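To begin, one chain is listed below as structure tokens, in the form predicted on its own.
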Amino acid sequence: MSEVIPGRVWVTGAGGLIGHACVEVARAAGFSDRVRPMVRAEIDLTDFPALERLFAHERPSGVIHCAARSRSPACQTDPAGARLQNVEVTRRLAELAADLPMVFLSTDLVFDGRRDGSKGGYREGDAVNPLSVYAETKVEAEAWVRRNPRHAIVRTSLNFGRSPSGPGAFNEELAAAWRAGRVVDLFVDEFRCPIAALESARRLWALLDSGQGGVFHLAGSERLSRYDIGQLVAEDLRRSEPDLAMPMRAGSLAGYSGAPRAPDTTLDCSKLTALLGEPMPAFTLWLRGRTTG
């Protein structure tokens, strides 16, 4: 159990990709004393009596809620478990933090990506239509969070980075497949707007500090296909593993017969850009401009 310092901001999912990035951003900016990293080994968020006792004991000043069951296959095979972790935990945290600012991390997959004539660019007020259990649980959780005008919902896209608890970022999953000698199939007609987890984390902190509630979109400024993204990840990985084979096949949703997939869930982030006064980064430029892993 970490030292009790009243008034710190709880960051749930601190062992995951974006939660860990939030802790790293705070450390780099010199305000790590504001942060209370919440990791699964220390507190099971589904143990609601224990969660309530800890909240009363520590008296946080805000919550950035990143913890979730986010792997879609696991959610599909265990919908009840997914709803417990993604909906009920969010509901309980929102109730506990009723008088505090809270930022809840949601997903672009709340949209089905199938609007007539659409090339993505979803705005915050557009109708949602989730195609998976994971996305359904995020829509349900959003409904609880939006009850409080002080609380913010942030829908994001694919995030690039390193996950302390194991491969979680899309780049880590691709790298793991290539290291295992597998060929990766990636669609040329499925589009997302990737962003670095560290860039997301900086904006999550800024949004929390702004005190603004409501729904916001946070993603990269580029509309890229899955295949484009794979090419960029391979280019980046060659910096550190130049001898690694990184085979990939270009596929199309037209010939796909698996579980439903959203073809284009790219996001319009102009609302958050205007609030924070900072444009969203172009993933290609960010990736090629970074100097460290």
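The first residue of the sequence shown is number 1, and the count goes up from there. What you see is a predicted model, and the numbers here were worked out from it, not measured in a lab.
One more form of this protein exists, namely the form predicted together with a small molecule; it is left out here, but the text below deals with it.
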Review point. From the list Y134, W205, Y122, F191, which entry has a heavy atom within 4.5 Å of the small molecule in the model of the complex?
Key: Y134
Check your understanding: Of L17, V23, V9, L272, which one comes within 4.5 Å of the small molecule in the model of the complex, counting heavy atoms only?
Key -> L17
Point to revise | G13, S70 and N159 all contacting the small molecule in the model of the complex, non-hydrogen atom within 4.5 Å | key: yes
Point to revise | Candidate stretches 59-67, 235-243, 24-32, 248-256 - the one whose heavy atoms come within 4.5 Å of the small molecule in the model of the complex | key: 59-67
Review point. Is A219 close enough to touch the small molecule in the model of the complex, meaning at least one heavy atom pair within 4.5 Å?
Key: no
Check your understanding: Heavy atoms within 4.5 Å of the small molecule in the model of the complex: does R40 have any?
Key -> yes
Practice item. Mark E52 yes when one of its heavy atoms lies within 4.5 Å of a heavy atom of the small molecule in the model of the complex, and no otherwise. Key: no
Practice item. Flag V103 as yes or no: does it have a non-hydrogen atom within 4.5 angstroms of any non-hydrogen atom of the small molecule in the model of the complex? Key: no
